[in-house]
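Two versions of one and the same chain are coming, encoded as structure tokens; call them structure 1 and structure 2.
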Structure 1
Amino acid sequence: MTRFLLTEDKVITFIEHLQKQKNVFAPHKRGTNSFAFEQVSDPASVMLDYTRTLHSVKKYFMPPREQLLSFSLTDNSFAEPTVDPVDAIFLGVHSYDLQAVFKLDHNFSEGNPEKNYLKRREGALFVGVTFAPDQWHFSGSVGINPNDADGFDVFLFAVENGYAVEAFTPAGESLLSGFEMSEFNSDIPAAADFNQHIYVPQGKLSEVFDNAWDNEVWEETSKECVGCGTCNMVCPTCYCFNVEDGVDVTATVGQRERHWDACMTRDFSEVAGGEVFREELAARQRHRVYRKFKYISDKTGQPWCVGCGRCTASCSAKISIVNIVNKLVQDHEQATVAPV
């Protein structure tokens, strides 16, 4: 398909063009070094050159807290709230965050489809942008390149003085229709190198994790971990939630809500009677990492981690999932090396 040149001086006009078609959500700067996806009101506030957002676009399809139903205890009736499609343009999405959305699509479509999530996903269009890996990104290790346009409707490749713009779907072509740009006929610059790596592919990791259950790394990591669950809350592919019923002070009406939950917290695996199935932090850390590289991956053949680096960047103890996996790989290779 044809590529076009979007010069820096036309970016704001381009965003205004998108706003005429749908609501637009894009990264905004928050504080000194943080960024967050928010609905665009002022195109000049959009940040396309950013490291990562605090949360991914997951929050629009799976809200941190949502009401599932309201009920009456007087007549035993209940009502479900209306869930509408987000039906918006998500501008400035990094490749790893879109791949995370596709993984959630898989999770919420198999078995009993999750209707609220799938309804919100309807009509969403994605305009991607290149990113420069920082010290925490490692998406290249899970097959996701900074210039990876797979699945996007439109992608913005960073070039000198602007972006090379390419549409990949009919919906993407429609987004660009009517916006005047000259053709871009040069080569796209190579993506920047990553600063950290997982050194074996997923096929090898499956074998590594077959023999990693009792590895000492879980206990070592737990000495630093405080079990706060931040790594779960910022992860774009975590989707666990808790469901709670609440009754108002009249004890006549109430509502059922669900909210994001975290397997790194103690009460996540607590059941009636106070039994906790993963009491120790080491067991919780192991479960978290196995969820990203073993349990679902054995079914799909893909890692369920997208290498965004949020878990390490947000961890108060700076626990690195890359270091954990590479330690497992190193120990596995040492254990399986043929004797001389």
Structure 2
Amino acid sequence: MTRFLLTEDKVITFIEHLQKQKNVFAPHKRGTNSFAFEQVSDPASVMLDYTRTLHSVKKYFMPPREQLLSFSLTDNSFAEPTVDPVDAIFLGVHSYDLQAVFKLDHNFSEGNPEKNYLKRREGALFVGVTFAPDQWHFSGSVGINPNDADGFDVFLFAVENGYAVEAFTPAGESLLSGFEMSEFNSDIPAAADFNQHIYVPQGKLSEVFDNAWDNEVWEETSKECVGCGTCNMVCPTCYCFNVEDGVDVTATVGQRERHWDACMTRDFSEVAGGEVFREELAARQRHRVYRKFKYISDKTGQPWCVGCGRCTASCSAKISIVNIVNKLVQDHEQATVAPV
């Protein structure tokens, strides 16, 4: 496929070109040190060089809060909300975040396919961009590299003074058509190395987790963890939710709303009557990590973690999932080495 050179000074006109075709969502600065995907109104405020966004693009397909239905208490009837495809261009997506979308696609299509998610997902186009691993990224350990264009419609490979642009799908080609760029014929420079790694591949991890249930790491970690649920809330592959009814103060109408939920919180597994099935923080931490590397992974053959590093970067105690997994790997290897 042909690659084109998008020089730094042409990025804004390139975004304007995309805006003529569909709504564009891209990373923007949020707060002091953070980034977030927002709809582009001013192309100059788009940040293509960013570490990671607070939330992944998951928030567009599974909104943090979402109305499942609205109801009337006067006649006990309900109405469906309208769910429209997001049908937009997602610009500046990192490879791990697109892989996370594909994992959610799996979760919402298998078994009982969910209309809300799948409907919103229609028409989304992804324009990727190279990322520079910071101290928390470890996606290389789960097979996702900064220049992985897998699944993208268009990818912007970081090169000197700009980006080498390549379309990978017909939809991607049409995004580029009509935008003047010269061809780029050099090699793409190798992406920067990761600063942290999980030592073993998923194939081996399944075995590690077979022997990790009683590892002391769960208890140790639970001393630092306060169970705030942040790691769940920022995870691009977490999709658990709770559903609650809200009633207007007139007590005549209301809505049934779902919102993201966190298995790290105590009341997540609480049933009516007060029994809590994962009462200990250690058990909750274990459940979270098993969900990322064992439970779904055994069924799909893939890790359900994309190595974005959000859970650690956002944790006020800086509990590292990489350190947890590596400790399990280490203990597993020591236990399985034949005695001399």
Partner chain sequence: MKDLYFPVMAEITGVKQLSPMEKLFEITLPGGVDLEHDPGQFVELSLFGVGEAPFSVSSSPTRKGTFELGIRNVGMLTDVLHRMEAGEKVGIRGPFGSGFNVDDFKGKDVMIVAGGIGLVPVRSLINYVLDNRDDFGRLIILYGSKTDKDLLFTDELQQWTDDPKVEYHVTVDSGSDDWTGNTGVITTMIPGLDLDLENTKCVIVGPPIMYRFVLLSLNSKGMPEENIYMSLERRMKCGVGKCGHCQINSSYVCQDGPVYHYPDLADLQEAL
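Quantities reported herein were computed from a predicted structural model and do not represent experimental measurements. C-alpha atoms forming the largest set that superposes within 1.5 Å between two forms make up the rigid core. When a residue number appears, read it as a position in the sequence of structure 1, where counting begins at 1.
One chain, two forms displayed separately, with the form predicted together with the partner chain being the second of them, structure 2.
Once you line up the core between structures 1 and 2, the Cα of residue 240 stays within less than 2 Å of where it was. For residue 73, a C-alpha deviation of 2 angstroms or more is recorded between structures 1 and 2 after rigid-core alignment.
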